[in-house]
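To begin, one chain is listed below as structure tokens, in the form predicted on its own.
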Amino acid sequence: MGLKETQAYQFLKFTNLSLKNLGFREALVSPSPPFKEYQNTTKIKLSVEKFPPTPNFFEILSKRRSKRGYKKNPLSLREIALLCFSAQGVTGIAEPYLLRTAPSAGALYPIETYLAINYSYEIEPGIYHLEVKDFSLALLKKGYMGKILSELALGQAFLASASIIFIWSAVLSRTISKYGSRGLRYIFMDVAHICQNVLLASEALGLKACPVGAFFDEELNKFLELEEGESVIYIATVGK
């Protein structure tokens, strides 16, 4: 098979913009709510009222490396809050949008953030959802999940020893409802912006992090009990 016969190439060509197809409009899907919120669950309020001193930004860039060897050391609530803020902290309001630390095409923010907290001084182990509107963590599942997430990530053992694991999903119709199939390109751009923020924030805090793209999609979606139209698309580990 040649490159031009692959589905990836065909998708790229189908979603190209050019002067020839500006008048073309594909049937669009219905939009989704702008936020996902879990009700009737324990929530942990996060706060970043004061930022810690950090190295020079260009020093942070020069030192960033993907690190997979973690010592199962716990993170503090403050460290976790700062990492969550770097991912999707609200930094401004332009009605009806909540603008964040990472950019998003059309300010649609299709990415949802889940955290598997393995080791922390102040938060019990479990799976949490980052509630953007009130900047809190909603508890979804109790217990240490590092081992099962390692297995769901094709047996990559370092997920089991990471202090926390960021899991990012996409609510596809938030973006595709406006941009059609090309919106899928923007969704992956969005999650890349978010992940890079977390990687750099980790380095700034003296932590180490590693992005992960290999995992069993359907099994991980089922583990998080995601509904149709939402799918995990990226992971990152953070630890000491």
Ligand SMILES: Cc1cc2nc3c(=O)[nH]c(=O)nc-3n(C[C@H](O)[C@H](O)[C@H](O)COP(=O)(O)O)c2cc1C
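Please read these numbers as outputs of a predicted model, since none were measured by experiment. In this text, residue numbers run from 1 along the sequence as written.
Missing here is the form predicted in complex with this ligand; even so, the following discussion is about that form.
- Within 4.5 Å of this ligand in the predicted complex, a heavy atom is found for every one of 64, 68 and 212.
- The contact residue chosen from 156, 113, 120, 86 relative to this ligand in the predicted complex is 156, the criterion being a non-hydrogen atom within 4.5 angstroms.
- Heavy atoms within 4.5 Å of this ligand in the predicted complex belong, among the stretches 203-211, 167-175, 33-41, 51-59, to residues of 203-211.
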